[in-house]
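In the block that follows, a single chain appears as C-alpha cells, in the form predicted on its own.
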C-alpha cells in the first residue's frame, strides 16, 4: 500500500541485542486505529505480557505519532508514549508535544517499539540515514536541560526525549521530557527508561510527509488558519498561554491568600518572568514558556516549562509566597525528572502527618513544613533514594503500605495523585475521568466543555457537544443526570470527552484548549481524508477512538483494573480547608453536593454509556465483538 500522511514504517529496537528491525505499517491497523494513541495501543497489545513488572526488561515502550504530524495542520505535534507504568501498574499512554513527533516522521517512521535493556547507559539516534545506539556514560547524572543541550549541540537540528536523574535512580513516578519544555510520562516513563539504561532518544530527518490531496488540503488549511488569526482572544492566548484560562487569582482570593494573587498575576509574569515563548511545529499560539528570574537570590535562573502556570501552581503550598521560590522549586523538580504534582502533594500529606505526630524529624530526617526549603530537601532525598526518600521514591502505593491507617486521606487514584480536585473546580469531566480511566489521576479529557466553566447556560453546551461529534441519539442522556437539578450527566459526558481526546491524539492534534477549540470532528475528518487519501467518515473516526479505549481497558482488566479500582478518593467527600474557605464536593452545574451514592450512580452511567458491564466495570462481550477485539479477551 502507498501511504500518504503515514510513513508506512515502524522501527523496532532491541536494546539487549543491539538489533534493529523495520516493520511495515499494517493497513488493517490504520483502518481500525488511525494512528498515534490508537496504533500505539494496538502495538503494545501485540508485544507486551500484561503481567510483567513495569521496571523489568520485559516491559515495552511504544512511541508514536499520528498521520497529521509533520504537516502544517495547526497544532499537529502530538507524540504518544505507551507502556506499563510503575507508579500505577496501569497499561496506558502519556502524551507530549514539541518537535519529536515531527522529527520522527521526517526520519521515516510512524512508531518505535523499544524492547529489552542495555548493560551500559546509552542513547538512541534515529535519522533518515541511520539508526545507532551511542554510549551515554558522560551523560550519567546530568539533568534534563544539560542532556538536551549536549545532544542538540552534537546532533544539530533534532528533537530529544530525555531522562533525568530521578529516572536514572528508578524513582517510580519519574518523568521524561521532550526538548526541555514538554513533560512526557506521568506515572513513571522516566523510571522505565532508567531501568533500560536509556538516557535519551534523538530523532532527526528531512524525508518530508506526502499529502494525498494537496489542493483540498490547502483550502482546508487556509480556511482554518484564517479563523485562528481572526479569533478575538488570539493575542491574549499568544501573550499569556495557559495563564489565560487558569483563574488562579480568583482561587487565591476565595481562600484569602491576597499576597499570592499579586505573586502569580499576569503582570508578574509579563514584567518579571517572561523571557520568550516557544511554539511546537505548526502551532499558531506558542504556549510554552522560557522564564527568567530577573531579581533576588535566584537572579539569572532560566526555567523551561510547558507553561508558567505549572510554576505558579506551587503557590498552593501555603508557605511558598514568592514567585522566585515557586519558579526555582519547579525548575529543580523539572530538570531532575520529578513530578511537581507528586512532590507538592507529598509535602502536603507528610506535613499533615508530622503535625499529627504520626511521623517525626528523627524518623524522616525532616522538620516538615509546606515551604521552599523543606520541598528542596525532600526532592534531594527522593532523587538519591536516601532514608525516608527511599519510601517516597517508590510512590504512593509504598507510602500507603507503611502508613495504611492514613490511606483514606491520600488524594490518589490508582496509585497516582490527583491533578484536579473537584472540591476546588466542581465535578466536571476532567475531574471525574481521573476515577474511571485505568491511568488514574491525569490530564486527558481534552475538549471538555466543563473545563473552568461552571454555571454557564445549559443550552450552550450543545454547541460543544456537536463539535466533539457526540451523536444525536446520546443528547437526551447527557441532559439526564441522577438528580434533575444537576443539569448535565458528567458520567455519560465523560465517555464522549475521552473519545474526542482519542480522535485528536490518534491524528496527532494537540488537545490543549487553545488549539482543539478550533476543531470539530467534521474538520478533523476532512483533514484526515485530504492528508491520507483514505475515505473514513466521522463515524469511522469515532468508532476507531472507541475501539482504542476499549482495547486499553481490556489490557488493564488483565492486571486487575475493574470497578473495584474506580473509586473516588474518600478525602473528596470531606471539606477542603484552604485559607478562609471550606470547599465541598459539588456537581458541575447546579452546585448540588456529591454524596458517595451520587458518585456511584455517575460511575454506573459512565459504564452504561460505554456499553460496559455495570457491576464489574469492564467491556461486555457484545461490545468486544462489535469492536473486533475478541482476540484480546
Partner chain sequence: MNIDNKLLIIHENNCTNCRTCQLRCSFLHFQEFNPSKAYILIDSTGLFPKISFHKDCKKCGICIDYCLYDVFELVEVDNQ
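Source: prediction; values computed, not measured. Positions refer to the first chain, counted from 1.
Unshown form predicted in complex with the partner chain; subsequent notes refer to it.
- Heavy atoms within 4.5 Å of the partner chain in the predicted complex are found in exactly one of 116-124, 199-207, 82-90, 501-509, that being 199-207.
- Contact check at 4.5 Å (heavy atoms) against the partner chain in the predicted complex: all three of 106, 235 and 282 pass.
- Taking a 4.5 Å heavy atom cutoff to the partner chain in the predicted complex, the contact residue among 466, 231, 218, 406 is 218.
- 286 is the sole member of 247, 286, 141, 533 with a non-hydrogen atom lying within 4.5 angstroms of the partner chain in the predicted complex.
- Using a 4.5 Å cutoff between non-hydrogen atoms, residue 355 does not count as a contact of the partner chain in the predicted complex.
- Taking the partner from the other structure, the partner chain in the predicted complex has no heavy atom within 4.5 Å of any heavy atom of residue 297.
- The partner chain is not drawn, but in the predicted complex it has no heavy atom within 4.5 Å of residue 461.
- Shown alone here, residue 342 lies farther than 4.5 Å from the partner chain in the predicted complex, counting heavy atoms only.
- In the predicted complex, just one residue of 133-169 lies within 4.5 Å of the partner chain by at least one heavy atom: 157.
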